[in-house]
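Here we start with a single chain on its own, the form predicted alone, put down as structure tokens.
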Amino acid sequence: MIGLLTMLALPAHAGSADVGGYFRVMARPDFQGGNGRLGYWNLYGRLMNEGPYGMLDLRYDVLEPIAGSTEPWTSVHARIEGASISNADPGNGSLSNFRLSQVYVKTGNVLLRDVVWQIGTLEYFYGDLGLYDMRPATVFYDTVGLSARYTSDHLELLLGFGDSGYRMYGSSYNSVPTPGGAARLKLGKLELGIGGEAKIEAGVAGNRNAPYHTPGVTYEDWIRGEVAESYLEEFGPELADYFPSPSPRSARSGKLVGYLGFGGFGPVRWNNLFVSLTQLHPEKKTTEIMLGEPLDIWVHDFTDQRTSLVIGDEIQLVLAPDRLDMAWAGLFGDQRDGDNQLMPTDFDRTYASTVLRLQGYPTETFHLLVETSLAREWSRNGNAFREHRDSIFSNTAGRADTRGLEIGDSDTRRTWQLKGGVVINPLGPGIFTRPSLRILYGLQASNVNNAFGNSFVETIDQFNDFDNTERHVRHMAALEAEVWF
């Protein structure tokens, strides 16, 4: 990494070098025992719900492209990013929190005119939901390989193939071939896009990192973490060495994405609509303890029916030129787990959210910001949330669920946030103009108790050293800086 930075800092002989990036850092003194974020996650809008972050984008033109020329060109790209800044989070800016997330080489006018070949990381996306800081319509996020992109005035076509195994499994790598592609049609003030990818992980007998399933295990025992206990109860400790061996499987997953963009007329600056439908890749295994030794339970058949539908839309409006802008976004997600009919999980839920931001411009650089959001999260398999400090005594029909499949006393979390303050934008008006220096105050109300990251005691055991608290209103102030360069 240091060598790459040094290379880009040297005078370019054959081409030129560019360094760009993004940083955000903030101070949010938290007087309510939280972790410095207003709510749990970006479903309530990214503002005051994100932590610090840093990114450097590096590009070196080995052979610079010449406009209108058919001569070959090539460039080297790298991205370094991580979510830690000194004094702003528990990582304190340690480089161990950063990674070389992208490296690829691009070359054009080789073999085919107007086609750009790319080898390395292949991530491709249609655009951003800026208020949520999300990219729902993305393909090849996990993939390293080869792609070819054809571009004309009205059409963009992308075909790619690679391997996603290292990003998915790390040191437990198994090859996951990933073919896919995307297309974008540009018709003046209208853009249409569609894309997709497939992940195919073949079973390899004897490979401990390949997909398997342990026969004879029930879903309920697995999700409760009681596989070892049930086996010993049925067969006894003397047969512990005869726990069933896993059976090989082949794992498959995939994604379809869609995009619609339009704007440049009336007060509409631009509108982005994204859709993604994902078949999630099955998990490999979980581990329990049997007679003091680790026991692997292979779970392909318990995790191969998980799907995720995400729909997001964001519109940017000019309500009064150079005086008042508005951005309004909505997000809907439907996650289903066909294997699970028992327990609330993040794989079996729906959520919906809307975020509205107004930014006014009393002067060219001094701005006023107001943002509000409303979100609802619903658990398909029953109570996943605790509304009160004593929710353990308020479960369905007043019965405490000592078996652990009912987590709280409500299947719904409702969250409202209001944020406002002053913004200094040296480069002038614009909701997404950066750099941006902000002084903000945020307020959250939720039906769920302590609905923010915290270290509070959740039980009401009489022997707790710390009291169990109840809090539904959350507020905090923030000093923030955010910049693209």
Partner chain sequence: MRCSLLCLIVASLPLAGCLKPPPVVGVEEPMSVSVATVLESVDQPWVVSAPDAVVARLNDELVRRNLSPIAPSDEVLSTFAAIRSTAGRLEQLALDPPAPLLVLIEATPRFSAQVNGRYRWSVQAEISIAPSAMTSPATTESFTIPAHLIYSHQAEAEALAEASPVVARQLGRMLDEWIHSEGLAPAP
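Numbering follows the first chain given and starts at 1. Predicted, not measured: the structure shown is a model, and the values here were computed from it.
Unshown form predicted together with the partner chain; subsequent notes refer to it.
A single residue from the set T218, Q341, T363, N87 has any heavy atom within 4.5 angstroms of the partner chain in the predicted bound form; that residue is T363. Interface residue among D128, D296, D390, E283, judged by heavy atoms within 4.5 Å of the partner chain in the predicted bound form: D128. For the three residues R37, D325 and N449, a heavy atom within 4.5 Å of the partner chain turns up in the predicted bound form in no case. Heavy atoms within 4.5 Å of the partner chain in the predicted bound form belong, among the stretches 27 to 35, 450 to 458, 49 to 57, 412 to 420, to residues of 49 to 57.
In the predicted bound form, the partner chain lies farther than 4.5 Å from every heavy atom of S353. By the criterion of a heavy atom within 4.5 Å, E123 is counted among the residues contacting the partner chain in the predicted bound form.
Taking the partner from elsewhere, W41 is found to have every heavy atom lying beyond 4.5 Å of the partner chain in the predicted bound form.
Taking the partner from elsewhere, R380 is found to have every heavy atom lying beyond 4.5 Å of the partner chain in the predicted bound form. Taking the partner chain as positioned in the predicted bound form, the residues of 246 to 274 that bring a heavy atom within 4.5 Å of it are, in sequence order, Y259, R269, W270, N272.
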